[in-house]
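Shown next are two forms of a single protein chain, provided one at a time as structure tokens under the names structure 1 and structure 2.
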Structure 1
């Protein structure tokens, strides 16, 4: 915390801080080398998009950023990943606290078999974010509003979250993730189950979140990446082929493979 403040003071206004910095990250699923020597900095107050063909390791890398891979027995991560300058794979780091700071929304919606309200209140409750019920209600409402689902569920907060449609479930999961008040939000194809209207609302949310947080989004939609992100990384076969400003990457890619991908020649 102090370090970050100091860093901000040092760099001054204008230059954006590095929120998450990774160096030489390799990930193995047993013998499967899924991520190969990836080094990539995620900036604060920025939306970073990961694009790339299916199975290239986008989700895997995303999951490394908040140590979700710890829950997979066969998964092994090497290399350095720093959050605000601190190694998140250090012994002293508690993954529980890390994940509170670095929230995640998964590719497939996974609401808990609880009421809609309880789904959203889950994070604030376990972390003790709010002192009383009124605050909790407020956090829940705010989160649901920002996830663009409030109007659809405000009359049935007590009904089970599993009873919502797929798209609604996904937005519920987004609301659940922002209710925990993370500093970084990782989103794995958050809009894949959403209609254009909801997608637009989520994109709006992402843009809004940028003012406070850093957002990383995995997407298969080139347009979406271009719309919402400032930075884009192109993954291919477990490597980051190209990482840079979204505009540059889409208009003037350096690598042949990137060009092929964004022009739809493969993937």
Structure 2
């Protein structure tokens, strides 16, 4: 059930339901211990930011949340990650179906070499989410509208997605990710390849998306984390040093390492 922004505000972020719960998560790349005993809850209808210096494990942990690390032979994940109380690493869980529920948008826009329409239609078709062409047309339009790009592309849906500008391509990739009706949207530095205007458009979109999804964003930009998120986790050397309300973490951090990072003493 979707909640309006007003209902979310009334309920208060602190009272929102836990969407993803992780406990004691460790990640190993062969002998390299990349993530160490990470436990944190991602709330529904909330933007959660992962910040920290390069190589601190934030993207690795993000990729645990939809089992993208399964695609790396030497990677091993231990601990518990639950989506709505269900273990996403259970043997009965199909990772492909999981990724329809937990979508991901990568650092560099990566539209398929297909038309704008087919980029968005691909997921609903392969997952059997639509009954006919009319259904599919509706999903494509709705997804492009939600990704704030419909008005720019509605007259050229047959044109290749690769012909769009960088910012438009990234919004197309967001439309593609939400076309499978996910519950969670993961974003791995979605603005790092974009100019400031396109970045501002994506940030505005992220704020709108949280009324329908739980959004988790990895970002190198502390300013971006402060602008778009309600919760922030600070990663350092594979550990979560501090996790809490974004405003509190940036204005009154509990850990000296967090303070040192956000004031630019390292990172």
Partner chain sequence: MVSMTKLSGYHSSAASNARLKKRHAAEVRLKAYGIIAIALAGLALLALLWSIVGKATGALTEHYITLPVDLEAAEIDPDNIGKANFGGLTKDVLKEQFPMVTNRKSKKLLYDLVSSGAGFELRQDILDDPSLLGKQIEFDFLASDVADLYFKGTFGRLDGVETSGDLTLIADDKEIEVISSAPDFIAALEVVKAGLLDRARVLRRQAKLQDNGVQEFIRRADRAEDNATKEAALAQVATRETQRDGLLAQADELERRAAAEGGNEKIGRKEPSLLLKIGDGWIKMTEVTPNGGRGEEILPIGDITSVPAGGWLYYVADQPEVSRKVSDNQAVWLETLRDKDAVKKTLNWRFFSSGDSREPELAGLWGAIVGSFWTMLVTFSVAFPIGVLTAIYLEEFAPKTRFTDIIEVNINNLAAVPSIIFGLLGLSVFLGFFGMPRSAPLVGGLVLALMTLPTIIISSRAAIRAVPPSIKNAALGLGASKVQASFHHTLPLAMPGILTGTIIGMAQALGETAPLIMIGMVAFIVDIPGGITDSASVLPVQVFRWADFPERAFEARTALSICVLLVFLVLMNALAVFLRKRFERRW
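Residue numbers count along the first chain shown, from 1. Rigid core (definition): largest C-alpha set, two forms, superposition within 1.5 Å. Worth saying up front: this structure is predicted, and the values here are computed from it rather than measured.
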Chain form predicted in complex with the partner chain, by structure number:
1
Which of 228, 238, 143, 182 lies at the hinge where one rigid part of the chain turns against the other between the two structures?
182
Here the smaller rigid part turns relative to the larger between the two structures; that angle in degrees is 13
Once both forms are fitted on the core, what is the Cα shift for residue 176 between the two structures in Å?
2.5
